[in-house]
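Just one chain follows, in the form predicted alone, and it is written as structure tokens.
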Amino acid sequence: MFEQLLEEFAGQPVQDFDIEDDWQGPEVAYRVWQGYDDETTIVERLHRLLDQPGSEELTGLVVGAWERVSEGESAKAIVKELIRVAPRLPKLQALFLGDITYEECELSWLKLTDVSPLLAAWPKLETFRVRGSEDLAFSPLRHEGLRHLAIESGGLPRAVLRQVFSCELPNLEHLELFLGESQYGFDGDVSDLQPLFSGRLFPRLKYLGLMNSEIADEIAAVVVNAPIIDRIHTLDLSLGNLGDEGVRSLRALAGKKNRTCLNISHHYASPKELKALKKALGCLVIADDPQEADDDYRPIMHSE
């Protein structure tokens, strides 16, 4: 579960925007939102933000809870409004849709929409992050500007994976996919990642995050021999249920070129296997937040 709202996004501090006094200039990523029983709507806050002098210089925007999100309302209305006002934010480079804590709405209840029109509205957008997976869709598009893409989910359907893989993102450098678990929507397996592993997609990708996954061991066993691995600088398998089996598989990364970092934080590996992994690899290994299994159950970080 996500317990806290962002404090920083795309290298900028995040500031909640409600009234004119919240304006600190365009060097801040502002968050607009709507609380439960809030008399001010998220659309009203968005327009107040756009009415501030210099708002056309904004490069970062964070969208929090939208109207009736906890009652199952989708992001369709706020996405439509964002697209409508896109010309007023000509320099926007980073957009986060769904900075929402579990107290506002459980991750598995977040209802999204097709987000490709957002990317089309800002062809120069470089960073796009979205939280939630129900009704999430990426209709096929080509986007020259996007360099960072992250999908935070407690369970990412294989249909969404296929849609993402069908998009042409020739300059994408950083990809994070929170795959999640089957109880909350993940219905795929390692074979669904083969188009990505083949290396034919996203020719400039350097950071590969296959995170928050209940099949972390299976992913580790396959990705180490995948064609894409030779050009990945950072492999991120954090937030999932990686155990000793997966850690042993990752030793095969020894000798692979370009590797600078392996992140397996929130793991279930033993100290013995971790020590052997770090000894085998000639790169930074981040293995923070060790977990203990409950019998055979190894929870991932973000699910419900």
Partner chain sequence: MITGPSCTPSSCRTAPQVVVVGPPGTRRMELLLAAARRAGWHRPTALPYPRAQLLPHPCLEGTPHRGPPPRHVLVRLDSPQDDLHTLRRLLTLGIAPTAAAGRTPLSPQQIERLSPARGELVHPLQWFLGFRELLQGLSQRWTRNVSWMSHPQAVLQMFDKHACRQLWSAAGLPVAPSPACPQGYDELRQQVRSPHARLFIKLRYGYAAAGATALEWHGSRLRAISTVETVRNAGQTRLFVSRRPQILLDERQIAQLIDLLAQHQIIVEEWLPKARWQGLPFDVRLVLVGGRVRHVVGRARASPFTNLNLGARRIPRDTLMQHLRAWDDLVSLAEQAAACFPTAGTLGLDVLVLPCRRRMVLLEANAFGDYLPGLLHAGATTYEAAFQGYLAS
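Positions refer to the first chain, counted from 1. Fair warning: this is a prediction, and the values are worked out from it, not measured in the lab.
Form predicted in complex with its partner chain: not shown, discussed below.
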item	value
Proximity to its partner chain in the model of the complex, single hit among D230, E71, D189, E168 (heavy atom within 4.5 Å)	E71
Y30 within 4.5 Å of its partner chain in the model of the complex, heavy atoms	no
In the model of the complex, E7 touching its partner chain (heavy atom, 4.5 Å)	yes
Close approach of Y184 to its partner chain in the model of the complex, 4.5 Å, heavy atom	yes
T113 within 4.5 Å of its partner chain in the model of the complex, heavy atoms	no
Three-residue site D236, E245 and Y268 fully in contact with its partner chain in the model of the complex at 4.5 Å by heavy atom	no
Contact segment among 202-210, 170-178, 83-91, 102-110, judged by heavy atoms lying within 4.5 Å of its partner chain in the model of the complex	102-110
Partner contacts in the model of the complex for 1-24 (non-hydrogen atom within 4.5 angstroms of its partner chain)	M1, E3, Q4, L5, E7, D16, D18, I19, D22
